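Here we start with a single chain on its own, the form predicted on its own, put down as structure tokens.
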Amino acid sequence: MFVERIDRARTAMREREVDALLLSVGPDLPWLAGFAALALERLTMLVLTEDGPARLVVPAFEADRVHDPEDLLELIPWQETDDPAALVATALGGAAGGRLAIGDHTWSRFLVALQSELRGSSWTTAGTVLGPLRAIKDDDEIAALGRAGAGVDQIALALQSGEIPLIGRTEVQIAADLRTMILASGHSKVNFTIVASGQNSASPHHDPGDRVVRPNEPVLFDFGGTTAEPDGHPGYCSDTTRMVFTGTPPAEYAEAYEQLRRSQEAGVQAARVGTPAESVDGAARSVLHDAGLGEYFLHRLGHGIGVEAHEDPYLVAGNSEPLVAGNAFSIEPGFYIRGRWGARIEDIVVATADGPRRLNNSSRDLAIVEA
């Protein structure tokens, strides 16, 4: 797997006239080579040129952490008194002074040191090389995303059935339950848990607080994590949003929610191979616009997902790139009326030759609970 990814990366480098990739912290390194750098002040960096070995500059006392399942990496361990930026420059060989693509998540302190060491080089981001590759998921990646989605679907079912108590508890307390359940569902890490009750549901990225959930109000749940995968394979992310109402919803809210459900379905059905990303956004947005809710849809329709919770492709106006088979992304329209209430429905969807495939399959109806 990793050999094939490195071959694809080198092809993309040649197409974009990039002489070397320099990858440190962030998702690119584990996706490409099966090893995750710790986010420390000590530099770990993969140096990948168009030929020769993939060289990993790594603190010597961390070398034992390197998991190299396909024997890809030539280790360059450095001691505490060494200059790791100089070692990266040496590892570049003839690519030093060329066009270098630095990992998008690399700390600025490392980039500044490298720029000082490699004054004749020009720079771009590694995302220009690896982003399009990571955006097209293979069968194994789609399977991993499916396992992640199934895990959070079980939590959504517990919320919708009233198994998780809501009324009389704080958002923070409920979020703690979600975190525990995410880790128990095959995830190694919790990425986020949004619990937004009452008026807080009108804040798309609300931080759970001490507000107590009351009867007869909406509660927005948006949560996800990263799966635990074996043999050095990177984990894949889950992300879903479901709505619960603690009582009988007013007719106004129920009707708005039905329009939201129609909007989400329109977005999913539009997410077909060959359709421009912005047209998928437009298909969902037009439903809410026609229902008089368009001004309350405050964000893009969706984001790609994989080893990162947010990655290419982005479903947003201005992105005219057509979807291709293997693209995985969220479809998550919402409405947010400040001071009153809000709602969102979110599924992860994969574009396939046979049409869009949902990876979240819990009910998208407005769940009514009295718990």
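Bear in mind the structure is a predicted one, so any value in this text is a computation, not a measurement. Start at 1 with the first residue shown and count on from there.
The protein also exists as the form predicted in complex with a further copy of the same chain; that form is not presented, and the subsequent description refers to it.
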- Counting only non-hydrogen atoms, which stretch in 83-91, 255-263, 137-145, 292-300 is within 4.5 Å of a further copy of the same chain in the model of the complex? 292-300
- Task: Spell out, yes or no, whether the shortest heavy atom distance between G235 and a further copy of the same chain in the model of the complex is within 4.5 Å.
- Result: no
- Query: Just to confirm, G151 within 4.5 Å of a further copy of the same chain in the model of the complex by heavy atoms?
  - Reply: no
- Is the gap between D207 and a further copy of the same chain in the model of the complex 4.5 Å or less for some heavy atom pair? yes
- Task: Check whether D104 has any heavy atom within 4.5 Å of a heavy atom of a further copy of the same chain in the model of the complex, and answer yes or no.
- Result: yes
- Message: To verify the annotation, which of these, L157, V273, I76, L111, has a non-hydrogen atom within 4.5 Å of a further copy of the same chain in the model of the complex?
- Response: L111
- Of these, L183, I164, L133, A96, which has a heavy atom no more than 4.5 Å from a further copy of the same chain in the model of the complex? L183
- Query: Is a further copy of the same chain close enough to D64, H310 and A317 in the model of the complex that each of the three has a heavy atom within 4.5 Å of it?
  - Reply: yes
- Task: Select from 323-346 the residues with a non-hydrogen atom within 4.5 Å of a further copy of the same chain in the model of the complex and write them out in sequence order.
- Result: R338
